[in-house]
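Given as structure tokens, the chain that follows is alone and in the form predicted on its own.
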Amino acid sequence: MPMTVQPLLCAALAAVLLAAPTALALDAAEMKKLLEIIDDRQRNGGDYKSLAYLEQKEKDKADTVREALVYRRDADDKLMILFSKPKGEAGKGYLRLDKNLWSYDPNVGKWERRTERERIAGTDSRRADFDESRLAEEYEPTYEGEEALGKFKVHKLSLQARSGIDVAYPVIKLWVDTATSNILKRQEFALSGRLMRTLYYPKWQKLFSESKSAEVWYPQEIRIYDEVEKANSTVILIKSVDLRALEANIFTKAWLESKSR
């Protein structure tokens, strides 16, 4: 009996699918390992200092540029951001101590506790954009597939915040270069499922760390797009990184206040 057209098409499609190369999904252990690699590549065994420029675009406002020094002590989970330019922002800063984020304004001489979703200096950046990566510690991954992002082949992961962990956004999606394990794109969602920010990481750099005895990677450029206020965006440029040891007492409110006088 002759075959009808529909069974012939189904048979042809099945043959094509069987012949095509199929990307293998990462299992739970492989996803956890990938997040650990991403975290470890950016973590330094000792201290970290960088000079960052923040270029901010906002609807109906003139573009602004800020300069800040970022200090980290990864072993103690400490972070400080001290703004040095423009003149009106100089001396303002943020300090993360015991998992609490504080901001300081020298004009009023007061410290105020901030949430993880605090807009750093009114830009589209958040604390996590300057801090060490803790993806494996803070999120549970789900594999969404291998796909193309421009000329790059990437793993797409969906991450859900672990219970009891305070993060800026409970759900994020990552596009990770399969060749280098560098994050190329990141999207962050509110608990309602609303997309809040999209970030691109077009440039990565590395330098050798004496304290880690290995290379430390950092995103030299981060492009952040506000998905709520669509006209707003921020570009972070990391102009230099220094991995030498910092002063012992640098991560204190008194130290930051002394730099504001």
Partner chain sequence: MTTLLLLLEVAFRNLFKSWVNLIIGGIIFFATFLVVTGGALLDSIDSSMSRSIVGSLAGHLQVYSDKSKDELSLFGGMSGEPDVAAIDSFTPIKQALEKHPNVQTVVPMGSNGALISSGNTVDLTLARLRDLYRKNADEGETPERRAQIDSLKAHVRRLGELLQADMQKRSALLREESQDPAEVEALERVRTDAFWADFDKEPFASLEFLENRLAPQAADGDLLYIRYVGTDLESFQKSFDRMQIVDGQPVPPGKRGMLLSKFFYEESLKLKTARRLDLLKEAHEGGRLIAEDPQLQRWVSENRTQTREIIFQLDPIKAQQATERLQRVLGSQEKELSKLLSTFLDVNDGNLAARYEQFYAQLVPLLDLYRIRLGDTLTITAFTRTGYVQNVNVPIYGTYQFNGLEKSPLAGSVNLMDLVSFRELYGYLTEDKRAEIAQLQAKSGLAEVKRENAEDALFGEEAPSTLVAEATPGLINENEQIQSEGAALRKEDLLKRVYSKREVEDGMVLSAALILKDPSKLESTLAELQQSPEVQDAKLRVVSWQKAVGLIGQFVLLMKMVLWGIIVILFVVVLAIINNAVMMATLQRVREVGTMRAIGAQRTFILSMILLETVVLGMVFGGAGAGLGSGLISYLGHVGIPAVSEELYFFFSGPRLLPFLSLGNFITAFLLVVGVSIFSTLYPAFLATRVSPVTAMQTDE
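From a predicted model like this one, the values you see are computed outputs, not experimental measurements. Numbering follows the first chain given and starts at 1.
One more form of this protein, predicted together with its partner chain, exists but is not displayed; see below.
Asker: Mark Gly193 yes when one of its heavy atoms lies within 4.5 Å of a heavy atom of its partner chain in the predicted bound form, and no otherwise.
Answerer: Outside the cut-off, so no.
Asker: Heavy atoms within 4.5 Å of its partner chain in the predicted bound form: does Asp47 have any?
Answerer: Contact with its partner chain, no.
Asker: Can Pro106 be called a contact residue for its partner chain in the predicted bound form at 4.5 Å between heavy atoms?
Answerer: Pro106 belongs to the contact set for its partner chain.
Asker: Should Glu132 be counted as a contact of its partner chain in the predicted bound form, where contact means heavy atoms within 4.5 Å?
Answerer: No, Glu132 is distant from the partner.
Asker: Which residues within 180-210 place at least one heavy atom within 4.5 Å of its partner chain in the predicted bound form?
Answerer: Going through 180-210 in order - heavy atoms within 4.5 Å of its partner chain in the predicted bound form - the hits are Thr180, Asn182, Leu184, Lys185, Tyr200, Tyr201, Pro202, Lys203, Trp204, Gln205, Lys206, Leu207.
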